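A single chain comes next, written as structure tokens; it is the form predicted alone.
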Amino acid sequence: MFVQQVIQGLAIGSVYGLMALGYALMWQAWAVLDFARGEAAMIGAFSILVFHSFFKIPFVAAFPLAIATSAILGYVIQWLAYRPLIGGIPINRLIATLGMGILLRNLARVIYGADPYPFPTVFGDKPVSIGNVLVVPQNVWITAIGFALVVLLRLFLTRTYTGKAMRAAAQDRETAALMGIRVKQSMALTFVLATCLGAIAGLLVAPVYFVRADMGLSIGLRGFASAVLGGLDSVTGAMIGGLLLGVTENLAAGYISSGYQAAIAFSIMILILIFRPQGIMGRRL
């Protein structure tokens, strides 16, 4: 039972980690806690629902279409609501993220209604017995995709010119601009990248949970907790925080009670804020 709980925890933790990566990127590039990150997952989930379930496009083709749609919407959102506030008062940027989250949730509720939509299983939900452990294929796929994306993101940020420019603009906008980096374009790309990561999290979790307008609230809050746990200034720490939170939640549900699942996980986050506010892998200020 312990191994099964850990495997399930790693799967959902990978989703939390992808959400945490979005928070970390937004904090580093925009210096804002973007509380509309959860709605990126909702956008991704509804995009794959429309292409795959409504338009009957095969999942292999619907997946990149959903990511592209999320990227376009992400660019439009940052251009309309975030870019005008660059250099403004931090509290205004924070309020803008809260307002955007509310707007996107209610817009989705108007378009799709308040009822949840079931999403067909694409990775396989029939358990496979490996020794005494039952492994669900979709959990393996979710974990593998999450880890692969973290590796690809780290390689992109450290090995490519665009990624290095994004990091430079995040560290010091003025100096980056003097070196010829287009800071606003770099920030826009960071926003789009964070949105795509959130959308992929929504795509991965869509077969596990129903797709609904307010699904971003829960997954977004846990993504934020994961980012705080791992460290907002660490890409690797964000994923580690997500994995730890996912495993902790599942172990708590399996050995104590599902009613205490969220309480135990967020209690750990509070303890981290008290004793190590920079997170597990964050830099001490």
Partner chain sequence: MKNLYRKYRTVALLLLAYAVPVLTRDPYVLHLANMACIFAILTLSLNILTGFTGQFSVGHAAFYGIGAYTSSLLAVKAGAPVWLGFLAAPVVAAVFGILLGLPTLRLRGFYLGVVTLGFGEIMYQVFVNWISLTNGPKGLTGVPAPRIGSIVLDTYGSYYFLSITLLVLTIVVAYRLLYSRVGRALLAIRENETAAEAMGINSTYYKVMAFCVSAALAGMAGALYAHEIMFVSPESFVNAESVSILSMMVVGGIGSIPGSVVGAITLTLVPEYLRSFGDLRLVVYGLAIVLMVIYSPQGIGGWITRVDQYLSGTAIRKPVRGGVERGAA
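What you are looking at is a predicted structure, and each value in this text was computed from that prediction instead of being measured. Positions refer to the first chain, counted from 1.
Separately, the form predicted together with its partner chain exists; it is not shown, and the next lines address it.
Contact annotation: its partner chain lies within 4.5 Å of heavy atoms from the stretch 79-87 in the predicted bound form, the single such stretch among 79-87, 151-159, 174-182, 135-143. Using a 4.5 angstroms threshold between heavy atoms, A31 counts as touching its partner chain in the predicted bound form. Using a 4.5 angstroms limit between non-hydrogen atoms, V110 touches its partner chain in the predicted bound form. Taking the partner from elsewhere, V235 is found to have every heavy atom lying beyond 4.5 Å of its partner chain in the predicted bound form.
Its partner chain in the predicted bound form comes within 4.5 Å of a heavy atom belonging to I91. Note on the partner interface in the predicted bound form: the residue among A66, L245, V228, M239 having a heavy atom within 4.5 angstroms of its partner chain is V228. Taking its partner chain as it sits in the predicted bound form, the stretch 205-231 comes within 4.5 angstroms of it through a non-hydrogen atom at L221, F224, V228.
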